[in-house]
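The data below hold one chain only, encoded as C-alpha cells and taken in the form predicted alone.
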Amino acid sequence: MNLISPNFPEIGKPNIEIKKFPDDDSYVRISDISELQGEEVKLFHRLYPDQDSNIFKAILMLDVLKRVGARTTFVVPYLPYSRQDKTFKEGEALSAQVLCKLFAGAQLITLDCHFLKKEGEFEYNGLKIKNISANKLLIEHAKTKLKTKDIEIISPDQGANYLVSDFGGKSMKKVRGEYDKSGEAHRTIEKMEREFDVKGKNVLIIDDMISTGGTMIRAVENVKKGGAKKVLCAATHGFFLKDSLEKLQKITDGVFTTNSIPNPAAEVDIAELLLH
C-alpha cells in the first residue's frame, strides 16, 4: 500500500492526516492503521523544505507503522543533512549519520544522495538506502532543449563525477577554502579548474544539487571563458537560495532541475523513478 503525505501530492491523493496543535506541536494520524498490520507499505513524504519539522513528522509516521509491524519503505526525494557526513573542524556534528540512525528500521529510497556518490543499495549507520540517480532524465531533457545529441556533459567537481561518467562526461576540479566569517556555515570556492577543451561546444553542467549557486556559477564562468557555444546547467535538487536562479539564468542558455524540491526551474518529473 502507498501512504502519501500532504506535501507529496504529485504521487497521488494524500491519505495521511497532518495537523498542528495550538502550541505548534505536530499531529500525525494514519487512518485504518489496523489494516496495515504486518503489511508492506511505501511511505512518500518530502523532508525539504522545513526540514527540521518534516523530519520529526516522518519519525512520528514511521513509529506508527512500526507499532503495527508494517514493513516500511520510506521514499524521500531529497535527504536533508546529506552534506554533513564528514567533519572539517573538531567538534562538528555528523548530522547525516544521526538522521540515518533515526530512520533505521525502514528502507529508504532517495535520489542522488550527496554522501553516496553512486547509484545502488547501501547501508549507512544502520539504515538501508536505495540511491537512484536522475542523471539520465536530466541529460535527455538537455538534449531536447538544445535539439541536439551533440552535448559535452560536465560535472563541476569530482564528487559529482558519477552523474556524468557513464555518458562519457568529464569533471572539473573545485578547490574550497575555509568557512567564511559570516553567520552561515559556508565554505568559499577558491578556484575552479578544467583540463579539457570546450571551445565551440554545447555544454551541460550537471550536479546533484544547486544551493546558493556558487559552484555552478563558477563552473559556468569557466566554460564560457573557454569558448563554449551554449551552456545549460542542471541538478537533481534545486534549492536556488538567495537570488541564485536569477544569476544563473542571466549567464546560461537554460537552468533546470527535477521536481524533487518544488521550484520555478523544476522541469523533470521524478514520479516514474520513485514509483518503480
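Every value quoted in this text rests on a predicted model; they were computed, and no experiment measured them. All residue numbers are counted from 1 along the displayed sequence.
This protein has a second form, the form predicted together with ribose-5-phosphate (R5P), left out of what is shown; the following refers to that one.
Would residue 213 show up as a contact with ribose-5-phosphate (R5P) in the model of the complex if we use heavy atoms at 4.5 Å?
Output for residue 213 is yes: heavy atoms within 4.5 Å of ribose-5-phosphate (R5P).
Is there a heavy atom of residue 30 lying 4.5 Å or less from a heavy atom of ribose-5-phosphate (R5P) in the model of the complex?
Close contact is absent here: in the model of the complex, residue 30 is far from ribose-5-phosphate (R5P), nothing within 4.5 Å, heavy atoms only.
So, in the model of the complex, is residue 128 in contact with ribose-5-phosphate (R5P) at a 4.5 angstroms heavy atom limit?
The answer is no: residue 128 has no heavy atom within 4.5 Å of ribose-5-phosphate (R5P).
Can you work out whether residue 62 and ribose-5-phosphate (R5P) are in contact in the model of the complex, taking contact to mean some heavy atom pair no more than 4.5 Å apart?
Residue 62: no, not in contact with ribose-5-phosphate (R5P) in the model of the complex.
Among 214 to 222, 66 to 74, 30 to 38, 46 to 54, the region lying within 4.5 Å of ribose-5-phosphate (R5P) in the model of the complex by heavy atom distance:
Going by heavy atoms within 4.5 Å, the stretch is 214 to 222.
Of 194, 143, 201, 83, which one comes within 4.5 Å of ribose-5-phosphate (R5P) in the model of the complex, counting heavy atoms only?
For this set of options, the contacting one is 83.
Out of 101, 176, 149, 136, which one falls within 4.5 Å of ribose-5-phosphate (R5P) in the model of the complex, going by heavy atoms?
That would be 176.
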